[in-house]
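Next up: just one chain, as structure tokens, the form predicted on its own.
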């Protein structure tokens, strides 16, 4: 669906530019967009490599395991239908840890593996299980302590204080996660009453 929306926006832009005789604007925007995209990617790569390195050090030093143990009671509460010690729990913990550190790109593969493992536990393979919906809600809202990507983009564009967004990001992501979990619980409750 998103591909169709983007395609429609591009086609409409080209048609409107052609009607108004301003095709040079489309060419200029395309090349400027490509140039900006490459510049931002190089800036993000360096910051992402730095944080991935720190994440690796945290993993080797046992800090991630400590974080995972701290999150373990919360995970058991949020995912009661996932057996303790199941591989999905490990992937969920890794995913949440990466999201906490603002490493959404690093969290994605772990989230996908968690979904694969949750699908193995799913009785109805055609419908997402409640645990899968909870993971999606948490992943979408995800509490972020250090918004690494946004800090990198702000640094890339010469922000005077790129880390000033940490407090507001933490507050807004915490609020979004609480709302996502409340909605998830409401749907779980509604779903369980309907299927009794």
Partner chain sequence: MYQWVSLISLWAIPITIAFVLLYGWRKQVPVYETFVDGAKGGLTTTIRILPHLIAMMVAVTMFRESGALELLLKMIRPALDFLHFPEELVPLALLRPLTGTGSLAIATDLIAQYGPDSFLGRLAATMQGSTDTTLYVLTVYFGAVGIRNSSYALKVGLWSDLAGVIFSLLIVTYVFS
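Values in this document were obtained by computation on a predicted structure and should not be read as measured data. Positions refer to the first chain, counted from 1. Only the largest set of C-alpha atoms that superpose within 1.5 Å between the two forms is called the rigid core.
This next part talks about the form predicted in complex with its partner chain, which is not shown.
Asker: Indicate whether residue 69 is a 4.5 Å heavy atom neighbour of its partner chain in the model of the complex.
Answerer: Residue-level check for residue 69: no, no contact with its partner chain.
Asker: Just to confirm, residue 76 within 4.5 Å of its partner chain in the model of the complex by heavy atoms?
Answerer: No - in the model of the complex, heavy atoms of residue 76 and its partner chain never come within 4.5 Å of each other.
Asker: Quick check on residue 82: any heavy atom within 4.5 Å of its partner chain in the model of the complex?
Answerer: No, no contact at 4.5 Å.
Asker: Please check if residue 88 has a heavy atom lying within 4.5 Å of any heavy atom of its partner chain in the model of the complex.
Answerer: Contact with its partner chain, no.
Asker: Counting only non-hydrogen atoms and a 4.5 Å cut-off, give the residues of 110 to 133 close to its partner chain in the model of the complex.
Answerer: Contacting residues: 111, 112, 115, 116, 119, 122, 125, 126, 127, 128, 130, 132, 133.
Asker: Aligning on the core only, does the CA of residue 176 end up 2 angstroms or more away between this form and the one not shown?
Answerer: Residue 176: C-alpha displaced by less than 2 Å between this form and the one not shown.
Asker: Does residue 136 show a Cα shift reaching 2 Å between this form and the one not shown after rigid-core superposition?
Answerer: It does not, since the residue 136 C-alpha is displaced less than 2 Å between this form and the one not shown after the core fit.
Asker: In the model of the complex, do the Cα atoms of residue 67 and residue 88 sit closer or farther apart than here, given a shift of 3 Å or more?
Answerer: Compared with the form shown here, the C-alpha atoms of residue 67 and residue 88 sit closer together in the model of the complex, by 3 Å or more.
Asker: Considering a change of 3 Å or more, are the Cα atoms of residue 37 and residue 163 closer or farther in the model of the complex than here?
Answerer: Note: Cα gap between residue 37 and residue 163 widens in the model of the complex.
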